[in-house]
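Given next are two forms of a protein chain, the same chain in both, each as C-alpha cells and marked structure 1 or structure 2.
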Structure 1
Amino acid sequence: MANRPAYQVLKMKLLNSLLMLTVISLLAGCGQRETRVEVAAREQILLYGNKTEPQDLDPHVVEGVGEHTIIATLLEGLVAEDPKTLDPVPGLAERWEMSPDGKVYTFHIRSNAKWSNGDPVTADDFVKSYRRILTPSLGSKYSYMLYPMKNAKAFNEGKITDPAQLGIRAVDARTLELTLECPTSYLLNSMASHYTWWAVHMPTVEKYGDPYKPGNKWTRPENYVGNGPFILTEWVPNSVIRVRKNTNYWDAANVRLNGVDFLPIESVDSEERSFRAGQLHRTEELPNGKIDAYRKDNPQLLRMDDYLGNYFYRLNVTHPALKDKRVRRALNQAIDRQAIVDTVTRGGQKPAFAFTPPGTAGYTSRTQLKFDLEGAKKLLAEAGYPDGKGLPPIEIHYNTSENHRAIAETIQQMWKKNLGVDATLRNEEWKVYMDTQSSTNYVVSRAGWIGDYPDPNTFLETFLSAGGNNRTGWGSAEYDRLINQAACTNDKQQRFELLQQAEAILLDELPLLPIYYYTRVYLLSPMVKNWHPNYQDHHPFKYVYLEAPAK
C-alpha cells in the first residue's frame, strides 16, 4: 500500500478517535440505568406498597392494618417489639415493674425520650392520651383495647364521667402507674403491638381541633408531632406518604433508614407491575394468579409467611335475608373452603372452620364448621326458601382488589350452584368501604381480622355486643358474659374453657363466615435487610436497612 501524506494519517487518527468516542457514548446510553429502587437503596429510602390510602394517621381513631404500618414509624409505645420474635422489649419506657398480684404496672420513661418538636415525653402524655381514646365522643372503634385498665370500660360507656377514676396516673414526670381490673397475661404484647396504647402530643391535638371528636387536623404533615423513629414530611392523597428520620428520637443513632415512602396502590396487578419495574422494594400483596410463576421463576422474591389472621365475611343479621339463623348456617355449609385455598388463593392458606386460628397461644376452638351441601339445602328449605326461592337479594360487598373479587365470585358461584341463591357483587375503595361496614349498610361484607397480640382474646372480643369492630348487628348477653369472665380468670385451662364456650355460641349464631386462615403473600426485594418473618407481619422500621447492589 502506498504511503499516505502525514496530514491524511492525522485525519484518519482523528476520525478513528471520534468514532471510538461515539461508540463508547452509545454503549453507555444503551446500558441499564439505575432503577428507582436502586437509587432509593443508596439513599436509604424504603419504597413500600401500602395497598390503601389511609383513613387518617391518628392512632386513636383509625382501625386498619395499612394505617398501623405508617403510624408505627411515627409513634412508639412504652413497650416495643423485638424485630425477630415480637416479644415485648423496652420502648419509650426503659423498664417496668409488676406488682405481686399482677394488677399494677409501673413504667419508667427514658430521660432522653422526646417528641419530634423537642418536648420531653412525660407520664402525663400517656394519662391524657388514654383519657382521650376512652372518651365516648371520640368514637374510637378500638377503645376496648384499654378495657383491662381499671374503670376503662365504665368510663368509655359513660357510666363513670370522672377521668380521675381511671386506673392511670403520673407518679412524676417520668413514672407512670397503670392499674388493671384483673391480671392480664397479654397486656405487654398488646401495649407493644397496638397503637391504641401509644400516646399523642396533646398540645398539638388541642391546637388543631376538638381533641375529643373525630376530624381533628393535627395529623396533617405540617402539624404532626410524633415520638417515633420518623416524622411525617409529606402526604399527597392517593399518591405518596413520606416519612423521614426523626433526629429527636431517643434511639436515632441506631436508625439506619433515612425514610420510607408509602405508596397506596389498591390494584394488586398494578402493584406487582410496579415491583417488576423497579418502583417498589415491597408489595402489600401479590395477585393470586401469579404466585405459581414467582414460586417457579423468582422464588427469592416471593414471601409466604405465617400470619395470625382470619379472612371472613361479616353478615348483617338485621337484613331481611339474614335474620334467620338457618339461612346464615346454610350459606356457611355451602362454601367449599378447601377449594378456595387450593384453586383461588393458592398461597398456602388453610381453610377456616372456626374464627380463632388453631393453636393461638395454645388455644383451639372445640367447635368446627363444615362443608355440607345436603345439610345446607335442608336448612334453607326449613327457613322457607327451598332452592333459594323467595330469598331477599344478597349482595357481597368488598374493598377494591382483584384478589377479593376472585374470592367473592367463587362464593357467588358456590351459592348459586349449591343452593340456587343469587348474589350480586359490589366493590368500594377503602375509605368508603370502611364507612359502609361501620354503618352496617351491607348484606354480606368481606373482612379480615389480624390478631393484635398472640392470644385468642384478640379474636373473640371483636364480637362483643358493644364492640366497635363487631358491625354485624349481632349480640349475645351470654357471649359477653363468658368473654368478660375469661378476662379475669387466671387459670389458663379454665380461661380457655370459657373462651371455647363463647366461640361455640359465635359459630352457632354465625354473624360471620370464616373463609381461610391467612398467610402473608407478598414480594420483597433482596435489597431489604433485617426483615424477619413473623405472625403479625410487623417489621419495626428502626431496625430495617437497605443494601444497594454494586454498580
Structure 2
Amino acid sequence: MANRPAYQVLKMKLLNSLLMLTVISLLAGCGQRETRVEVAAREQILLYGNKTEPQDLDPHVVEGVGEHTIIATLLEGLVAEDPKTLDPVPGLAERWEMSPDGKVYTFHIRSNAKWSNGDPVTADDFVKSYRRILTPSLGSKYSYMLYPMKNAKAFNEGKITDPAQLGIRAVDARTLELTLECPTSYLLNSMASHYTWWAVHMPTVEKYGDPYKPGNKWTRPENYVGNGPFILTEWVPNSVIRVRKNTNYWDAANVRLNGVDFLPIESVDSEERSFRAGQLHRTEELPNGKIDAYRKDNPQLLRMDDYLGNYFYRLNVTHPALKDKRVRRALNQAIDRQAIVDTVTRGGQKPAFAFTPPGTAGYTSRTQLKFDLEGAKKLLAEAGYPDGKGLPPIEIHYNTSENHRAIAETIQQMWKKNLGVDATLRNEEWKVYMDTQSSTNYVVSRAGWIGDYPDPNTFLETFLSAGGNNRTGWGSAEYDRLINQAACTNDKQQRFELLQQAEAILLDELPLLPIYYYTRVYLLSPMVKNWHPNYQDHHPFKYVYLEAPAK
C-alpha cells in the first residue's frame, strides 16, 4: 500500500504528457497544407528524385547516371538533344559541317554562347577541356568516350604526350575542328548525350585546384561556372542539390523552369512514399511490387519507358560445366523469359532474345534466340548430361539486391524443372561481386549493360576478346575482326551488316544469356509538361515546365 502515491504521481505525469502530445498533434493537423509539389509548381521549380548522391559534378571525373542528370542542367554540349527523339540539334554550336570522308567535323559556336559568369564560350574552351579529360593524371573513368577522336586513346594511355597531336583544333575563337580516327556515325549522338564531350570553364578549374588531378574544388556551389540553362546554387550532401535559372544562358528566354531541386533519395520505398506525400514531381524508380497497384489505381502517374539496356547472365565458358556450347544453349532454351518479365519484374520489360535492344538506332538483330524446352533437353543429352545427370554443379552469382535474387531464384527453378539441372545461388556485396566477376571466378553471373549512346556498337564491343568488359573467358577472332571493321566503316548499312554478323556469332556461341531489355519504371506527376519518353531516359530540362493544377 505504501507505494500508492508514487505510482499515482507517475500515472498522472504519464497522462499529462499523453494529453499534451494529443493537443500538439491536433494543433499541427489543423488545416490541410498545400503540398510541396503544388507550391513548387507555382514557382516553376521541378522536384526531382535523383536516387543517388553525386560523386562530384565535374563532367570529366564522374561516371554515373544521377550525375548526368544534374550536370545536364549546368552544362551544354556543342550539340544538344531533341527533347522527343534525342536526335542531335544545335547546342552551343549553331551549326556544323562534316567532311565527305566523315573524318573531320567543324563546329561553329554561337556568338551569344556565354558562361554563367559572363565570359564568352570559345573554341579554345573545348580544346582545353578535351585535353584535360584525356590527360591520364586526371583519372577520368569515362575518357574512352572521346576515343573516336584522333590520337585520343594514345594520349589518354600516355603513349603520346604532346596535346597538339590530338585531333582537336581551334580554327578561331568560335570555330572548332575535330578530326577523327575513323568515320564514326554515332559521333553527334554521343556528343549530345554524354557529358564527357562538354566543356568546363578552365580559368575556374585552375583557380580551385590542379585541373589535371581529381579532387578539384571548383564544383562547389560557390565556385561553379557553367554554360547550361541552370546554375548550381546549393549542394547539401545526401539532402538536396538546387539549380536555378542561368540568365547568361544563350537561350534563357526559352527556359520555362525557374529551377530544379534534386533529391538524392537512395531508398526506392522512401522515394515512392515521398512522391505520394507530395514532395516529388518525379521518382527515379518504382519498386516492382508496387507497379500493379499504380497500374490499377493511378495509371496516369506510372511511366514505363523502354530503356537502352540489357539484363543478362554471363556464362564462364572456361568452367567445366559450361565448356560445351550445347550446355550453354540448353540453359538458354530452358529459360521462360516471358514468365520472368510478366511475374517477377512486372515493369513492361521485354524478353531479350538478342543482346542489342531491338531498334537501337534502327538496328535489330536478325538472329534471335528461342525458348524451346524439347530442344533444350535434347541438347543437354547430346552434351552427355541427360536430365542434368553428371553436370558439374552450377552456381548463379549475383550482387545483393532483392530483384536480382528473385530472378535468380526463378531461373534456378526453371532449370531444375525443365532440365533437371541443380543450381545453387550465391549473392555477394557489390565490390566483391565485381572482383569475382572480373577474375572470372564464377559459373553463371548476373550482369547488366546500359548503352552509352544509341548505337549497337556500345553493346557489341563489350564482348571483344581483349575488352575489360567481357569477363566470360570467351573470345573469337572473327567476332573481333567484324567489330573492328565495323568501327571504321562509314556507310551505315554496311556497318550494320557487319554488326549483324558479329551478333550472330555471339548468339551462337552464347557466352551470355540475355534475359530482358530494360525499361525505366518511375512515377511522374501530371503537372510536369513537355516530358517525352525515350530510350535513354534523357529529358532536357530547358524544355520541361510545370502546370499547377487548377484550384
Partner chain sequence: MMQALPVTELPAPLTAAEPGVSLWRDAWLRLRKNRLAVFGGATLIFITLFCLVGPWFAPYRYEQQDFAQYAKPPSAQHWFGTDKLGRDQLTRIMYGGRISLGVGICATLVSLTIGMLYGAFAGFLGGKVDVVLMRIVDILYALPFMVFVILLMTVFTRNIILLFVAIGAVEWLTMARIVRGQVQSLRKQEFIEAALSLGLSRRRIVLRHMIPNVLGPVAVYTTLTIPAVMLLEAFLSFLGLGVQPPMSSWGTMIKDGAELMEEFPWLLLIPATFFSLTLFSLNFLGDGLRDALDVRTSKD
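We call the rigid core whatever largest set of C-alpha positions still superposes within 1.5 Å between the two forms. Values in this document were obtained by computation on a predicted structure and should not be read as measured data. Counting starts at 1 with the first residue of structure 1 and goes up one by one along its sequence.
Novice: Tell me which of the two, 1 or 2, is the form predicted together with its partner chain.
Specialist: The chain shown second - structure 2 - is the form that fits the description.
Novice: Quick check: E509 between the two structures - does its CA shift reach 2 Å or more after fitting the rigid core?
Specialist: Comparing the forms between the two structures, which are aligned on their rigid core, E509 does shift its C-alpha by 2 Å or more.
Novice: Does the distance between the two CA positions of A277 reach 2 Å or more between the two structures, the core being superposed?
Specialist: No, shifts by less than 2 Å.
Novice: Give the rotation angle, in whole degrees, of the smaller rigid part relative to the larger one between the two structures, based on C-alpha superpositions.
Specialist: Rotation of the smaller rigid body relative to the larger: 28 degrees.
Novice: Can you give me the Cα shift for V344 between the two structures? Core-superposed, in angstrom, one decimal please.
Specialist: So the C-alpha of this residue moves 3.2 Å.
Novice: Looking at F463, what is the CA displacement between the two structures after core superposition, in angstrom?
Specialist: Taking the core as reference, the C-alpha of F463 is shifted 6.5 Å.
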